[in-house]
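Single chain ahead, by itself, as structure tokens, in the form predicted alone.
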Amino acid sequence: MYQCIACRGDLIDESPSTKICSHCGNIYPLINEISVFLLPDVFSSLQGFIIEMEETKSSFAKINDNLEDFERYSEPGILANRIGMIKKGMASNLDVLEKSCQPIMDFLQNCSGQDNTLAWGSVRSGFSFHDMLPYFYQDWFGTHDFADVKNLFGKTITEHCKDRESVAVLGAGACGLLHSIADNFQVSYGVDLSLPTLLTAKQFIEGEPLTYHLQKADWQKVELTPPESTTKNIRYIASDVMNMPFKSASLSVVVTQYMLDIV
């Protein structure tokens, strides 16, 4: 099913959690059962997600310092509730970010390599994991927008997809669309460049609630309840959709909700 994204060579199961290319020797790990297919190499690419998290933490720290300066020189009570909500929201969201990156940090502790900040460009999509949090609200809070998307894709699959063996959802993000159509196929693949986003979506779908604060809604608290237990055969792949690991003609259907305007 999979092939090397560097040379298109066949992959060998080196261990239960690692595949290696039989031709060029590139290594592709499983992190919390998510297949990672990123270039230029595993260590450098995964390091990019840690850099991303640190950049968000640094940005929040500056905002927090500015808010505290404002409190220090302002009349008591002025915008106090709003400032408190922002600070609480940032702290809560940082916990979510750190939790999402913990499996990556655990993997990197046992992975040899050199820091390569230039490799950050290989995983930078323009959307950090924190930027992706609103999509969890859109996909899982019962919004009308997502209901329309779910109905549109469901109707199209029913009418036009005769082969139901496999589907890949490109730019899967919060994986709401992936989950909603998975019953139609024997196996469904969620492909996204952001490994932290996939790690969070996978944990959520498997039953772990998600709580964070929505910056675009004045840092209001959002509590998302996981979907009911399911036997859907869903697999997750961290990969650039312009260079995916699927062998030719190995998918029945490819769908995307967000990617066309990007690619």
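None of these values were measured; they are calculated from a predicted model. Residue positions are given as counts along the sequence shown, with the first one as 1.
Not pictured, yet referred to below: the form predicted in complex with a small molecule.
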Stretch in contact in the predicted bound form with the small molecule, which is absent here, among 208 to 216, 191 to 199, 24 to 32, 66 to 74 (heavy atoms within 4.5 Å): 191 to 199
In the predicted bound form, which of the listed residues (T156, S92, Q138, Q102) lies with a heavy atom within 4.5 Å of the small molecule? Q138
Does F127 reach the small molecule in the predicted bound form, with heavy atoms at most 4.5 Å apart? yes
Is there any non-hydrogen atom of A174 lying within 4.5 Å of the small molecule in the predicted bound form? yes
Considering only heavy atoms, tell me if V241 and the small molecule come within 4.5 Å of each other in the predicted bound form. yes
Can you check whether I262 is within 4.5 Å of the small molecule in the predicted bound form, heavy atom basis? yes
